[in-house]
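One chain comes next, on its own, written as structure tokens: the form predicted on its own.
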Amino acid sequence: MPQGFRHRLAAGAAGLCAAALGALLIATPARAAGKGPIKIGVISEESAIVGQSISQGAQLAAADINAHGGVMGRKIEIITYDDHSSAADAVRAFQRAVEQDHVKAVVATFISEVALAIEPWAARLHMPTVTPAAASDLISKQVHDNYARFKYMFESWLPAPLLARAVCDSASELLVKPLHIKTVAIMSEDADWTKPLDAGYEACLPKVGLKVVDAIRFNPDTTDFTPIYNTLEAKHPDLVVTGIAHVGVQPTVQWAAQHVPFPLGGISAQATNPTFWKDTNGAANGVITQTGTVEGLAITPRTIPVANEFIKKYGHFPAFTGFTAYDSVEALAAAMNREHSTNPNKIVIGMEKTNMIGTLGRLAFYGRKSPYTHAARYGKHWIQSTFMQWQNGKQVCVWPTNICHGKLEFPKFIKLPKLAAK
């Protein structure tokens, strides 16, 4: 278990003085309020697998915490809200969670635009809030630039510039050195989170030996990727690095159907879903993407047990947001236990002390001096993220190579420099 949950101190029993019936009646509600469940709100899109995994992961974490004594002797209660991927609905849910349901913390959304809409309300209502997947660097930048106001916001996953660094690190080891790949094009949806991602790509790809020959940003409502692929093919890249989350199926299906000759790598959030192979009717074969983990991979001693809990309760392996949401609730509960308080300012202090073995690595948050204040730390000693490739219906972990032992395999229509040289 993460730190703070194996050795919990039982809450001291409060004595009641039965001096008078009136005094007893006055004292009873206050006592009940202090002994009732600690509520955590969870806001996500329940119709999406990525969003549904957030609420499921939070529920599993709460059950685990409660089975080990709760927080200060009190149970954790998860209250879920469906935001329908709407910033307006998410803000209304956030306001209801805080002002009507009296939650003590919130875990919210995988969409950057939604997280950015919630962030000012977390500041206004002094509500500790963790986003388990939203990647825009503006989230942590606001905390860094105006700490006193925005200190209540945390990210339990990596911001976009660090995701770009992970893509570059993996590309260097998997593609540049062994496959002689030298040129790359960037293909990203036009969204808040991809602006810093693309800037990160353009900065770090050349450093690992990849010349950027084109960069295309497309509307997330795009349904025909033929013109985009035609444009990219004219530039003859050895590789296309993606930054896509709102789309995924259509560009993948057309890539395979049209035998586009370069590999697709980078970040394709929908490709992390266990249903993506079926959703694309197998067109995903060969697609590489950053993810949290894959089935059977033990990133930490917590990964497989939590995955097994998901499968037992919900009948499927979760999207990576299920793991990050699980860790978010564990971190919040540990912070409350650590500070022995549900006061929002003390929860923030407790969260800043987080240093725990989570499901996807050691979770800790950057401090006030970092441009990524309150975002999850990146690196081999922290959260590194993993890269998987779809191979014959399975998600195969291919990087980092110290824990992943899969080898890259590509469809026959892919033209690689190393093969062309033979």
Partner chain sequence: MLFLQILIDGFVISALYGLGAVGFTLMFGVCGVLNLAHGGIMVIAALIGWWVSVTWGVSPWGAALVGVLAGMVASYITYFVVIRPIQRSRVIPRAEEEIFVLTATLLWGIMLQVGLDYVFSNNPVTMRALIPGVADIDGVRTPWNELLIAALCWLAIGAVTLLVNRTRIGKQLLAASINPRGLTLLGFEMSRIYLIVWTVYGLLAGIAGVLLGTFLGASATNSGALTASAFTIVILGGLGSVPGSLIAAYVVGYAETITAYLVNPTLRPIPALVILIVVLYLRPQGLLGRR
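Residue numbers count along the first chain shown, from 1. As the structure is a computational prediction, the values presented were derived from the model and not from experiment.
Absent from the display: the form predicted together with its partner chain. The rest refers to it.
Between the options N345, N308, Q95, T226, the residue in contact with its partner chain in the predicted complex by a heavy atom within 4.5 angstroms is T226. Think of it this way: in the predicted complex, its partner chain has a heavy atom of just one of D89, D190, E339, E352 within 4.5 Å, and the residue is D190. Using a 4.5 Å cut-off to its partner chain in the predicted complex, each of R217, A257 and K278 places a heavy atom inside that distance. Across the options 311 to 319, 99 to 107, 286 to 294, 209 to 217, residues that bring heavy atoms within 4.5 Å of its partner chain in the predicted complex belong to 209 to 217. Its partner chain in the predicted complex comes within 4.5 Å of no heavy atom belonging to I38. Using a 4.5 angstroms limit between non-hydrogen atoms, Q250 touches its partner chain in the predicted complex. Though the partner is left out of this view, P261 does reach within 4.5 Å of its partner chain in the predicted complex, counting heavy atoms only. Its partner chain is not shown here, but in the predicted complex it comes within 4.5 Å of a heavy atom of A48. Annotation for 232 to 246: the only interface residue with its partner chain in the predicted complex is E233 [heavy atom within 4.5 Å].
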